[in-house]
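In structure tokens, the next block holds one chain alone, the form predicted on its own.
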Amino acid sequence: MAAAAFERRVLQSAAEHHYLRVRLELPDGGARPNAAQFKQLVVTALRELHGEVGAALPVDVLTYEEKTLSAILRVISSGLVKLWSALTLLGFYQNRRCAFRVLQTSPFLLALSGNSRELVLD
């Protein structure tokens, strides 16, 4: 009996960008970053994990809500894994513990406009 042959297929999106909905968690309260500080924190996370080349990755903060510390980020599709890993491994903001949570990700911005988990039915 011949051994079964397996073929691995990896499908990549043709989309130029990926979008991430993220939230910064600061468990001990304190000062909240404004939009510029939030962007700098993202760049710092990339620099710490991937060096200067990672810090040069084009990441845009499309929306930022200081009240909830949540944002929608746009990154070139080839840099999605670098950005996600850098955010996940960041542990401090101004010498305080912090954590980024990636809530949603999609190659389509419209997909992040609503979250079925937060849907309230009458």
Partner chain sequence: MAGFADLNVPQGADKKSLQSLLEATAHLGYSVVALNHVIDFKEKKQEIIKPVSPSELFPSLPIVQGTSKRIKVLTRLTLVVSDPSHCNLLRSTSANIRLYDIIAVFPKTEKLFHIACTTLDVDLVCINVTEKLPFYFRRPPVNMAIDRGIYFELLYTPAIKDSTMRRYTISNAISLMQICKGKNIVISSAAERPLELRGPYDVANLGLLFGLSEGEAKAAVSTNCRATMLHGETRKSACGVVYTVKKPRKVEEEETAVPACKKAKTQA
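Numbering follows the first chain given and starts at 1. What you are looking at is a predicted structure, and each value in this text was computed from that prediction instead of being measured.
Form predicted in complex with its partner chain: not shown, discussed below.
Since the chain is shown here on its own, which stretch among 52 to 60, 35 to 43, 88 to 96, 66 to 74 would lie within 4.5 Å of its partner chain in the predicted complex, judged by heavy atoms? Of the options, only 88 to 96 has residues within 4.5 Å of the partner.
Is there a heavy atom of residue 112 no more than 4.5 Å from a heavy atom of its partner chain in the predicted complex? Result no; residue 112 lies far from its partner chain in the predicted complex.
In the predicted complex, residue 30 touching its partner chain (heavy atom, 4.5 Å): Result no; residue 30 lies far from its partner chain in the predicted complex.
I'd like to know whether residue 100 contacts its partner chain in the predicted complex, with contact meaning heavy atoms within 4.5 angstroms. Yes, residue 100 sits close enough to its partner chain in the predicted complex that at least one of its heavy atoms falls within 4.5 Å.
Looking in the predicted complex, any heavy atom of residue 25 within 4.5 Å of its partner chain? Contact with its partner chain, yes.
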